[in-house]
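First comes one chain, alone, set out as structure tokens in the form predicted on its own.
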């Protein structure tokens, strides 16, 4: 009787794994299941789904590669990781497009059955890279996944093509074995997902188990790995994406305002999931409307806001451009409308499935005439909840549209999120007048002297009949006015109202040296994780560098100017060509430097850290000595 094989288990603090294959290979599903399981085990997680831009790219082509990267750890992490330590590829195209990111010495698992002459030719390989010795820098494991799945399912009544679709579960099972993940949560998910198709459920279960036990029985692997649970604050956590968090934040805002939520949208990547998520919550009074186009969507949302609902519309850059005139109308009407812009690569259709943060100037200035609105930006997927809630607080208090700038990285990325209790969230007071002040006609533009907000009267309320529209209004009465002095007064009043929000938002916080120093790295939006991690690393190396991150883009926090002037130099990393840098230079006359990237991919920690090194910040000790002097 043979002796049981003993396999060493190595403890690691974190692991970054990337699944990559054809768009039909189920890599997003595989990555999400791996993420869910790791979250259940108590690891901190951060993910980066990478979708192909082509809807139906030819099978096996470079354009059709889909990937999903997850970083799971036993400590607090802020990014999906700069590079995978383990790469699972389902075909040659996935290898070709992802290999350059794999760490030297990293684990490479390849479905050798997919490395056929035709697939190699489509991927641009003259020879089979699994056989020509070119992968010696990696720990290569060639696994005949297709054959092993076919063997595991030889008793299944499914067709050959249907069986092939189970390959991702074999790869997932093998990854679960290698990284000491249990099967139970995925087995439960499969049975629930395919309960109406028992043959498919059985096939996926068999494939998952086959992958796990292949790792257990083959002699190819000499070690497996484990990452113990992270130390996190007590509470109830769930995995959440930015779009899911955005939807829940909007929903909770409506609950705390005591009214219903109306969402009107038109499908567009990567914003559609906000509409999809809200459509699941009709029992909470949410009304969703899929319009025939972007203009109809915002028109319906404006009508809902006029009728007293908390109204929201969501899109991406191209859709925001189409909504531009109607956004100006909402500004003229001074209605509390929330606009979610989930940014993506452009211009025009651009890179629909890739991330960018190049709509900042569009959000602040992208309408005709003087059309100010409040603009805020979450920094993490979980923060999308907070900023969605905050958007409605500002919108209803100041009677102004508010735009939320998310992006594809935040929208699709996931992290653990502490579930909020509704009773712990602040109230959002909403007051609709029910009668006029005195015997005169209702005055729709009579303003609160503190906020400059006009009253939000519900159409049809007796005595409060009023007219609003896109032609300039006389202040107080709301009558159509062509008077030049009134027009300037109204333009300045709308601007003053938005500017006044600065007194009602948190001061900008500094990570590092609160009294100033040599170098400040200033960011906004989804660059937060890479900036904070790079600055933390630089400070551990003794460099006089600090970080600050903006969540409020218009207006800026009141102390931003003082913060900027307390540092000798300012570096602004952005996934655009320098839009925040231009605003900072113009507003505060600070000669900020830029680190700009427009590749459709988020910043890596090492990119920002390298730029900090290039600038050669002073040592922290030298900075303190200079401050004392």
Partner chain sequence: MATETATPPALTKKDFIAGQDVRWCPGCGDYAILSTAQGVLPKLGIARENIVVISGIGCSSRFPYYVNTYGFHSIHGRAPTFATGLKLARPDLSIWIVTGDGDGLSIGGNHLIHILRRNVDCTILLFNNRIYGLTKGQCSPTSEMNKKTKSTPLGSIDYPVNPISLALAAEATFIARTLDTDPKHMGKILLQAAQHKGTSFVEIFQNCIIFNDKAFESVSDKTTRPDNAIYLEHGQPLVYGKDGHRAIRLNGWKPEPVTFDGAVPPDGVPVHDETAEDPSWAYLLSRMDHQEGFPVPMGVFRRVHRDTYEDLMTRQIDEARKKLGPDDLQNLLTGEDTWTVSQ
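Positions refer to the first chain, counted from 1. Owing to the predicted nature of the structure, the values given are computational and were not obtained by experimental measurement.
What follows is about the form predicted in complex with the partner chain, which we do not show.
Partner contacts here mean any heavy atom within 4.5 Å of the partner chain in the model of the complex, and among 139-147, 199-207, 402-410, 464-472 they occur only in 464-472. With a 4.5 Å cutoff on heavy atoms, residue 239 counts as touching the partner chain in the model of the complex. Although the partner is absent from this view, residue 169 stays clear of the partner chain in the model of the complex, with no non-hydrogen atom inside 4.5 angstroms. In the model of the complex, the partner chain sits within 4.5 Å of a heavy atom belonging to residue 284. Contact annotation: residue 372 falls outside 4.5 Å of the partner chain in the model of the complex, judged by heavy atom distances.
In summary, among the residues 72, 392, 385, 528, the only one with a non-hydrogen atom within 4.5 Å of the partner chain in the model of the complex is 385. Scanning 153, 251, 320, 535 against the partner chain in the model of the complex with a 4.5 Å heavy atom cut-off leaves one residue, 251. Scanning 276-299 for heavy atoms within 4.5 Å of the partner chain in the model of the complex gives 281, 282, 283, 284, 285, 286, 287, 288, 289, 290, 291, 292, 293, 295, 296, 299 in sequence order.
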